[in-house]
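Single chain ahead, by itself, as structure tokens, in the form predicted alone.
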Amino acid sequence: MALKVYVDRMSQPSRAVLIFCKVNGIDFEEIRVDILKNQQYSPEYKAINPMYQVPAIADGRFKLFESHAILIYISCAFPGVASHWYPGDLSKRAKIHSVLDWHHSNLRRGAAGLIFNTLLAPIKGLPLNLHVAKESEQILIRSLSKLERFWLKDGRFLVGSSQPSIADLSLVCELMQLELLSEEDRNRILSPYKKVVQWMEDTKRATAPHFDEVHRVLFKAKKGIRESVATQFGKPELKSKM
């Protein structure tokens, strides 16, 4: 029985799980859960993930949610996954875990908070909150600085590795959500961090052609989302410069 992967490709953690499965040749069935239509609240999906979020997986009777846990499980449960994604060496695994834990309380808080409060909130019927967006951008900038100066200081990939791990894929997919911003704002935020920009490109190349294929829905949605917000609130440009 194929692994069932419940995702919405507009979700950055969903994209990380999908790309990982495709790159590693995992036999899986992609099941779309449209979060804009609130399908994550259906009784059927509640049986898979009672936290009402994507992604989630079902491997036979075993069900699991939270993208980092899913990536670790697939790395260990399925033969043929290259060892660099989640090395057997305990010290290397611990370093990957440290990055993943840092991700949720830093980079994700900043990037997801910024995008939601400048672009996505109205789609969910909520008002824009530019004060929270400003705070989120500050968190994002600090996180990018930590990536540039600490996490990427010893190699092409995180924690000094010469090949990507599940942490690289997870964090790069997070930053790809910035594609929804205007080119001006995205460049203003990312361009000062040369190592980060190169690392993103290296991760894309290491996971080609699946990276671009899975992100296609994000690029396609960009124009429509920005036009929708502009119609309701005016041009969604960020005014503050950190």
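Everything numeric here is computed off the predicted structure, so don't read it as measured data. In case it trips you up, residue 1 is the first one in the sequence shown, and so on.
One more form of this protein exists, namely the form predicted in complex with a further copy of the same chain; it is left out here, but the text below deals with it.
A.B. asks: Which of 77, 128, 123, 141 has a heavy atom within 4.5 Å of a further copy of the same chain in the predicted bound form?
C.D. replies: Exactly one residue meets the criterion: 77.
A.B. asks: Tell me, which of 115, 72, 152, 81 has a heavy atom within 4.5 angstroms of a further copy of the same chain in the predicted bound form?
C.D. replies: The option sitting close enough to the partner is 72.
A.B. asks: Even though a further copy of the same chain is not shown here, does it sit in the predicted bound form so that 52, 64 and 95 each have a heavy atom within 4.5 Å?
C.D. replies: Per the other structure, all of 52, 64 and 95 touch a further copy of the same chain.
A.B. asks: Considering only heavy atoms, tell me if residue 215 and a further copy of the same chain come within 4.5 Å of each other in the predicted bound form.
C.D. replies: No, no contact at 4.5 Å.
A.B. asks: Taking any heavy atom pair closer than or equal to 4.5 Å as contact, tell me whether residue 104 reaches a further copy of the same chain in the predicted bound form.
C.D. replies: It does: once a further copy of the same chain is placed as it appears in the predicted bound form, residue 104 has a heavy atom within 4.5 Å of it.
A.B. asks: Counting only non-hydrogen atoms and a 4.5 angstroms cut-off, does residue 86 reach a further copy of the same chain in the predicted bound form?
C.D. replies: Because a heavy atom of residue 86 falls inside 4.5 Å of a further copy of the same chain in the predicted bound form, the answer is yes.
A.B. asks: Although a further copy of the same chain is absent from this view, report whether residue 146 comes within 4.5 Å of it in the predicted bound form, heavy atoms only.
C.D. replies: Yes, residue 146 sits close enough to a further copy of the same chain in the predicted bound form that at least one of its heavy atoms falls within 4.5 Å.
A.B. asks: Hey, of 176-184, 28-36, 55-63, 198-206, which bit sits against a further copy of the same chain in the predicted bound form at 4.5 Å between non-hydrogen atoms?
C.D. replies: That would be stretch 55-63.
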